[in-house]
Ligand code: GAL
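One chain is shown next in structure tokens, namely the form predicted on its own.
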């Protein structure tokens, strides 16, 4: 396993570069990422380039055996460019251009921006094409789906819709534009969603398509850069770094034609008091691994307290720096790069802390990082091992967009039910893949498909076939609500999944912050929250019923036999204990071996190679936990990770 750091030589006096590199080499740093914000240094004036300082920095690390990831510096065009080419600045929903000096101040489609970015990238990639120290390129920095509203982007958006629907008649039909007299009579009327109206006030079909366009447009921009890099640096890996941002692109499409997934991982430094709050980044990491179902990088990893657009967070407690990095390794990362080596002394991110504080004196966090580097070296034999899962959770980008556009009820958001099921599987000691809804599922024994709100006919067919052939499926409330255009399906819910689930929704109650008791057949009672589908069983049996409200006695959770498999429908959003009661029984019925009795927030992941198997056991809490595992007592300190190896016999 490889540990790296994000480094900004342009921020520091040259005298520090060598001493920093010496300390990195001594500590065990194996890779650095740099240059992703350096356009003004690489091209200080138009058509005047200066790469000598970057050559020197790359050379310093290369001399010490430290490999380099270069970022393309297109996220932040320099001031001379913005002043000369103001049309390249993005336009917000209010119709105003973004100001200079805020990062990300570039429109992906502006002709002047693309011309200058390509010219810089041609020079940069050719310069480092034969440099063996440069092992990968990161495109831009945290690119988001394109929510620019300039004239060029409006043209591209209209062209995207025109390609998809061919005629205005098809657009009007797909969007249901007869509502509120919204029919288009010319393509020029098709504008992006200007104004400060809440998204839920606007046509949901139109808004979903705009989100799809915005993601596709960002991906096109990333691919434009990838093509230049591959042409000039054949054989060098290409990626970009993503995070769970406001304008989130479709991760699954983003990385289809890149070499590996990389993700910026900032777990919380203050753990919540509410036991119902899901704080572990295990789900995020499994989702990143599931994007391509292979190992990935963390390109930015927590190194200190955060502070930029919000007040400073708590500093990482002892064990967090190491534990959270090892959690990433356990869940499929093979390289973890920490942001950042030294905390910035200027700029907006001066309180987004790195490994070394403003004092420039390595302290407690740095010493923990140094120990982590040694631990990573000890895990080198596990590089290339796989995470093999019998359980998958389907993730739908369209449904996530649609949930965000039309909030379902107070406190309900798309990702929560995925995380609740993930936490229940994790508590049983299982590996879990979080994969795109369109991925092949034939290799799994159980597939959870929560909130498939926007319906894809291929996904419907796939789940029916999976159950028919003996697989176990878990469906939840808000499945089958919308068609592919984000219009409601005029059929009893769960509409296309009704025969699969063996039940129908008589009525639903969006209870928001209220709670309704849910009683299982054995008499155990748990709370249902946010949403209640009042179910009428057809071919299904009932596992739990509501024990309150006007629908007391109605089915809340059902089990149906379909073909050779089983299908479960969860009509409410339960507290964690509800899933801890339900999920182990489901797993046992489909023959998946579990580890019973794990304490809350103890996470176990298994990585498997040709001749070795390693089990990672992580105490993701701030307290000591002692428990029985395999008949023996195991004690873990706060955020401690233990790794147990055993040889495999074929």
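Keep in mind that this is a model prediction, so the values were computed, not measured. Positions refer to the first chain, counted from 1.
There is another form of the same protein, the form predicted together with ligand GAL; it is not shown, and what comes next is about it.
Q | Answer option from 300, 559, 286, 250, heavy atom within 4.5 Å of ligand GAL in the predicted complex | A | When ligand GAL is considered in the predicted complex, the option within 4.5 Å is 300.
Q) ligand GAL isn't shown here, but in the predicted complex which of 466, 339, 81, 497 has a heavy atom within 4.5 Å of it? A) Exactly one listed residue reaches within 4.5 Å, namely 339.
**Q.** Heavy atom contact within 4.5 Å of ligand GAL in the predicted complex, the stretch among 264 to 272, 380 to 388, 481 to 489, 356 to 364
**A.** Of the options, only 264 to 272 has residues within 4.5 Å of the partner.
(Q) Using a 4.5 angstroms cut-off on non-hydrogen atoms, would residue 51 count as touching ligand GAL in the predicted complex? (A) No, no contact at 4.5 Å.
Q. Taking heavy atoms only, is residue 417 within 4.5 angstroms of ligand GAL in the predicted complex?
A. No.
Q.
I'd like to check something about residue 225: if you look in the predicted complex, is any of its heavy atoms closer than or equal to 4.5 Å to a heavy atom of ligand GAL?
A. Taking the distances in the predicted complex, the answer for residue 225 is no, it never comes within 4.5 Å of ligand GAL.
**Q.** Partner proximity in the predicted complex: residue 142 to ligand GAL, non-hydrogen atom cutoff 4.5 Å
**A.** Residue-level check for residue 142: yes, a contact with ligand GAL.
**Q.** Partner contacts in the predicted complex for 241 to 263 (non-hydrogen atom within 4.5 angstroms of ligand GAL)
**A.** Heavy-atom contacts to ligand GAL in the predicted complex: only 241.
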